[in-house]
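One chain comes next, on its own, written as structure tokens: the form predicted on its own.
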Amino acid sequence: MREGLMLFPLLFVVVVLLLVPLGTLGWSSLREPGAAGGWTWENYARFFASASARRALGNSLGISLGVAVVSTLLCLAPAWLLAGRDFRGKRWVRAILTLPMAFSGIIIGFLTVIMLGRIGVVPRAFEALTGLDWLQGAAYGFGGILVAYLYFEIPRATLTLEAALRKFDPRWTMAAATLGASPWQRARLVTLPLVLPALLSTFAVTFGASLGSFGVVLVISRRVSLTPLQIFDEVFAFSNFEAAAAMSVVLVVLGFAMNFFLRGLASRLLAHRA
């Protein structure tokens, strides 16, 4: 009885803030626009039949995968340092890493424009030094979106991986060293297999967050079409809630499938290691 009462707030949040909205979203995606009722797959058929919608979905998946890969690779060294070393200013470094995650996507997009816009700080600096307008307007293409996403995904990945690496036992690598293993052999045969589940979980977190990110692309996406931006247009420009619901369901399914697969793989690796 006591355990049930303790779980009640969690169950309430899951039902009210997750299951009910997702169910409503799924139901809306199966309704014909303007129809009184009935079931139809027409919204999904239109979505996958539209070349622009498929292109936007491909862009969203490509950017999310790229951001997840780069964030996971770049966060490995700082996460390892934060998890295994004590140094002066460590608390300040961790606090600075949390700062980008506190910014909304709108702010991050605006900062990207300030740095990489047509009259941004970086293009103006290059022009002053070389006379070339290199990177002018880069904020509005794939590069700008990638930089903006990495701005808040690398800190997220670093702190996520740090929490997992705290459980790493350095005695494994010490034992390998005493047996004559080289640094490369220790990294490849000992360290990587032990931290691979944590890397997969970090990849899943960054991929999911990037796939649904909206505020950044709302500010800087001028040349690249992404599915979150198309969802926004369907709702506020065309009042087509059913089409927007279908697009949202596609993103939810893709994000859930990737997370489910990667976390399942990480769990199997942990079970195999045990």
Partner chain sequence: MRDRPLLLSVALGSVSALLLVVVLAPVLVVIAGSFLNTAFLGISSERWVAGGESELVTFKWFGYVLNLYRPQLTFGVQLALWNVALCLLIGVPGGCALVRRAFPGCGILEDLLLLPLSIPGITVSIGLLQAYSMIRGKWGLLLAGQLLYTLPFMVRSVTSTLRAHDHAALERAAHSLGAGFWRTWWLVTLPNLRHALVVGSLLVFAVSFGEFNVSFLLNTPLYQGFPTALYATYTTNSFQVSSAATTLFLLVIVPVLLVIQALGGRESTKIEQGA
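Residue numbers count along the first chain shown, from 1. Given the structure is predicted, the values throughout are model-derived calculations rather than measurements. Superpose the two forms; the largest set of C-alphas matching within 1.5 Å is the rigid core.
Below, we turn to the form predicted in complex with its partner chain, even though it does not appear here.
Scanning L132, A125, L81, L196 against its partner chain in the predicted bound form with a 4.5 Å heavy atom cut-off leaves one residue, L81. Taking the partner from elsewhere, F152 is found to have a heavy atom lying within 4.5 Å of its partner chain in the predicted bound form. Using a 4.5 Å cutoff between non-hydrogen atoms, T160 counts as a contact of its partner chain in the predicted bound form. Its partner chain in the predicted bound form comes within 4.5 Å of no heavy atom belonging to F47.
Shown alone here, G212 lies within 4.5 Å of its partner chain in the predicted bound form, counting heavy atoms only.
For the three residues L18, V121 and F232, a heavy atom within 4.5 Å of its partner chain turns up in the predicted bound form in every case. The two forms, fitted on the rigid core, differ between this form and the one not shown by 2 Å or more at the CA of F12. The Cα position of L74 differs by less than 2 Å between this form and the one not shown after fitting on the rigid core. Core-superposed comparison between this form and the one not shown: the C-alpha position of L192 differs by less than 2 Å.
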